[in-house]
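Before any questions on how it binds or moves, here is one chain, the form predicted on its own, in structure tokens.
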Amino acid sequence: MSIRVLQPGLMDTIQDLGRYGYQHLGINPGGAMDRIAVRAANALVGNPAGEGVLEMHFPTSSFLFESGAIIALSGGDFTAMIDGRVLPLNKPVLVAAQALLYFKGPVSGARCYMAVRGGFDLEPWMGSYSTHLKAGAGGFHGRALQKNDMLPLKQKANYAKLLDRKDFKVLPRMIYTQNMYVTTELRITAGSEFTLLSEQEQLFNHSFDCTRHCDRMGYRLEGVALKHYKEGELLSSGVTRGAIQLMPDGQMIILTADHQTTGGYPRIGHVIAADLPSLAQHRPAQPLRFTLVSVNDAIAAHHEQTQRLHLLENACKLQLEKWRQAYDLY
């Protein structure tokens, strides 16, 4: 009743929607970089939205299913394969015991997420399954996956009679999440020090490249150097995910899931919550552009995205219940 890691990937960890309420203690919320993909994958297999999933970066781990399972992949497309055939994104898949899942190569996106029906049988830390790498806590032993790790599953299942001796079977339902991602410009709100930029229009008239220094702590950008009226660092204060900080060299860094809890660089903007999943799927050398929106616009976009996700989750729940009744699976 587990999944074994045959070959470790670049940085594959257990994540969920985050660990909140502890930033005053120096513990950031963490959680998955792409929350749309997490909720989509969990919905497809009938899990609660906050159930732990695997967040994978390419090159990705390969896995041996030591027991049958229902899985779903969402987010980046890394060409998932079983038995020489490609698994689709955003569809639930029955996987047979002893099936080998591997990923051939990236097609789009920077992170792929895998949910397993019932979830992984792990102990939450401070109310979350998310891996906190610096604290060495949460997730699977507080670290990235390694060779021969055995990921225990909460739910035991045998789908042999439905698989007809095949290694996997794609179930006949699919969801679409593409319209929840932005592909052109990331929307930002003005930060506390935005008015101190000497040429604010440069932030919006130019594109900026994601450098190779893009990870779960932050995205370092490269482009035209921005100037700030105030020299040196500010007094350190609390920072949040999505904050855009201006570095001394005029370049920017966008704080992401594993950001520090305080910072002293000017905060010239904030990527709105609805666009953080889109940022999470940007790859190195991929350009970014920004557009300024109001706080009210940011709130409205978040509410609209949340409503879409709720509708998606309800639809998946209904379809899964019909499927279970049809095959008498309880």
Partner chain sequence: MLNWPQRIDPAVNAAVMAAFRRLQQLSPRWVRDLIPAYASLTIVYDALYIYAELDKDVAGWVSLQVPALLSGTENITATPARQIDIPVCYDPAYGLDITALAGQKEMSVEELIALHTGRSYTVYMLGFLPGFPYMGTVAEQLVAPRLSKPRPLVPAGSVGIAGAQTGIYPLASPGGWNIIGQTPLRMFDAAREPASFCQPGDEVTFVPISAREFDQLKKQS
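Residue numbers count along the first chain shown, from 1. Fair warning: this is a prediction, and the values are worked out from it, not measured in the lab.
Absent from the display: the form predicted together with the partner chain. The rest refers to it.
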* Structure fact -> In this chain shown alone, the residue from A300, A285, L292, A49 with a heavy atom within 4.5 Å of the partner chain in the predicted complex is A300
* Among the candidate residues F208, F194, F168, W125, which is the single one with a non-hydrogen atom no more than 4.5 Å from the partner chain in the predicted complex? -> W125
* Asked: Using a 4.5 Å heavy atom cut-off, are L6, P8 and H141 all in contact with the partner chain in the predicted complex?
  -> no
* Looking at the partner-bound form in the predicted complex, is P59 within 4.5 Å of the partner chain by any heavy atom? -> no
* May I ask you to check whether T261 falls inside a 4.5 Å heavy atom distance of the partner chain in the predicted complex? => yes
* To do: Answer for I82 alone: is it within 4.5 Å of the partner chain in the predicted complex, judged on heavy atom distances?
  => no
* Any non-hydrogen atom of L64 within 4.5 angstroms of the partner chain in the predicted complex -> no
* Stretch from 49-57, 25-33, 66-74, 277-285 whose residues place a heavy atom within 4.5 Å of the partner chain in the predicted complex -> 25-33
* Structure fact -> Contacts from 305-319 to the partner chain in the predicted complex (any heavy atom within 4.5 Å), listed N to C, are T306
